[in-house]
Each structure stands twice: as C-alpha cells, then as structure tokens.
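Quick setup: one chain, the form predicted on its own, written in structure tokens, and binding and motion questions come after.
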C-alpha cells in the first residue's frame, strides 16, 4: 500500500467514525464521551514526555509542570473519594488491578473473585478453566495466582455471602477481589470484609464501572465499608480518559502499591492522560452528584421501558438496576450476537454479554444470551427518562417487530439532532467533533 494513501485512509476512517457516532446511540456500558477540555489535554505535549517515578522523585528532567498537574490529579481524586492516598499512574483498570496483585500477593497465592460468567472481569481470571481450557486472565496468566471463585446468587444478581464465606474458610485466600464488569447492585462489602479479616485476607474493590457513581454519592463507598483498596478505570461512569487509579487509606499497602507501579509495572505512565484525568476529576467534583443521579434515573427508566416493550429485563423483582447498567436476556430473540449486529445496523451500539445462566443453556462468550446496556454516555449528552422511552421503542422495532434497521437508524439520527453537546462540564462543546 502506498504510504500516503494509507495516511489519508486512516484520517478518513477517523472522520467517518466521528460522523457515525454523532448520529448513533452509544450504549456500551464500559464507554463514555469526554469533555472538550479533557480531549485537549489528551492532545497536549505531555503525551510526548517521560516522568518515571513518583512526583518529586523523577529520573527525568523537564517535568515541573507535569509534576504539578499530577499532584493536582492525586489531590482531586483524594477529595472525590475522601481518602488519604491515591496513585494515578496506572494506565488502565487492568494495570491498577495488577498493581494490587503485585503489591499484596505472591505467585501461587489464592485469590477469590467472581467468575467471568457471573460478572467478574478478565483481569480477575485464572490462567485455565476447570476443564483445562485456556482463559488467560490477568490474575492467573500474569501474576500466577490460584483463582477461586466467589459464589454468586443468579436470581438476585449478587454475591452469595454465606456460600462465599464457606469458600473463604476453605481456600484461605490472600486477596478478595470484589466489584466487576457486570454490576447492577451494591455488593455485600461489609459482610465479606469481616470474614476476610478473620483469615488475614485483604479486600480490593474493582470500581471500574461504578467509580463515577461512587464519586457522585449514588453507589456504595467500598472503603468506608471496610475494603482495603479500591481500583478503577477512568473512562466509564468516571467520564475521563482511558486510564486507571488506585486509592486506599492504608499507608503500608499504599507504599507497596507505589513500588508495584514503578519500577514494577510502568515506565511512561501516559502523562497526557494524567492531565486529562485531573480535568475529569474536577468536573466530577463540580457536577458528579447531578450526573450520577441522572445516570441511575435513566438506567431505571430504560429498564422499565424495555420491560414494558416486551423484553426480558434481568432482575425485575429488584427494580432492575441501581447502577448505569441494564441487562437484557435475548436468548428467545436469537441470542446476543444476532441482536448486537441488528442494533448496530440501526446505529445503536451495545455489546453482547454472558448471563450467569448462559453456560447451563449451552451458550458461550461468542454468542451469549444477553445484552449489557449502559446509559452513561447518553446521559452525558443530556438525555433523560423521556428519551430512554424513545430508545426502548427503537429496540422493540429492531428486535421484536423486525423493522428494517436502516429505517430505525434514521429515527435514531433524528433523536440525536437535539443531543450533540457534552453536558456536566465547565465548558460545553460538541461531543464528537473532530
């Protein structure tokens, strides 16, 4: 391929992507849209530079402004969550989790986490499954940990406390990993912390999905409930750049985590993203309460509207959700893969997802029985419950009525005409301008 032709094709594809998302409904629960100010930080010269080590202890020159911004980022994060210590250097939520593994465990140690089929993240997974199949989870493949599973209550979509405590007493883990990538409701942190302390285990809460809701006071506060450490990524309900962070009130554990991050895991820790994280943290301090309330309100409204349109929405008896996520069981509609692709043709962007009971009914991750929906990005565009009801109607038209997805895409584009601007920020601006 001609180099100049490739250069132009890349730029053209980026432009096309922006145009597509400007007329779509982005509803992937692990994504969000950043403010213009956050995006400016991401394109700054900080992205060309190195600042190895801790603020004030760098092994590179030229970092005086970088140090100042990174210090601000840490102070803002500490204020957001009311904690003593914060490390904003992890370049993702996975790396944040790996820093905790590195700091608090040794290869071969037992850790406990939810299985991926029941909401656990791949960063919590083992090297191999019970039947010897390769899984390649970070905990097992990278740190060499022996992963045992937290027990899960499928009906109530949450951790089964009694069964999990029994397993903890049996396996004597060094670390309990709570949180997850499918999380509709607050988890029983207090109950498991008490049991963990009795066997000398530490508890980390992976708040990757709910960090923005926690900051806004609309979800549980794990450290206040007794967790030792909290890790999170910063681009989901925390509406910043793709990056990560670790927070704690335990000074001894924090010193170990600092060393795990550098020199253990990081050299360049993406300084432009640290600056962007500082801006997003300031936005959350100013607007997070209002935003988090709107997110949860929208998730509940969407879930109810989808139920009213005839969909099987998981956890109806519990009010569907207390987070930004809604889970649909679409097994009867052809499965997650088919539904995801049909919705994408209608410019509704979602991801197929395993449901806790999928393995029993013969489904796997390539074609699971569920869809995981998120309202974080639509909320940041200014949509509310009325729009959630419109969105639910689009789902019904595509997946139940069998309407041509291209026709629905035109309806989606029409709805989006009034929602082009990023809200909950100091300076509103176009969401997908390139």
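Not measured: the values here are computed from a predicted model. Numbering follows the first chain given and starts at 1.
This protein has a second form, the form predicted in complex with a small molecule, left out of what is shown; the following refers to that one.
Note on the interface: of 161-169, 104-112, 257-265, 179-187, the segment with non-hydrogen atoms within 4.5 angstroms of the small molecule in the predicted bound form is 179-187. Contact check for residue 150: no non-hydrogen atom falls within 4.5 Å of the small molecule in the predicted bound form. Although the partner is absent here, residue 222 is not a contact residue: none of its heavy atoms lies within 4.5 angstroms of the small molecule in the predicted bound form.
Put simply, residue 93 is close to the small molecule in the predicted bound form: some heavy atom of it is within 4.5 Å. In the predicted bound form, the small molecule stays beyond 4.5 Å of every heavy atom belonging to residue 292. Though the small molecule is absent from this view, in the predicted bound form it lies within 4.5 Å of a heavy atom of just one residue from 304, 123, 117, 323, which is 123.
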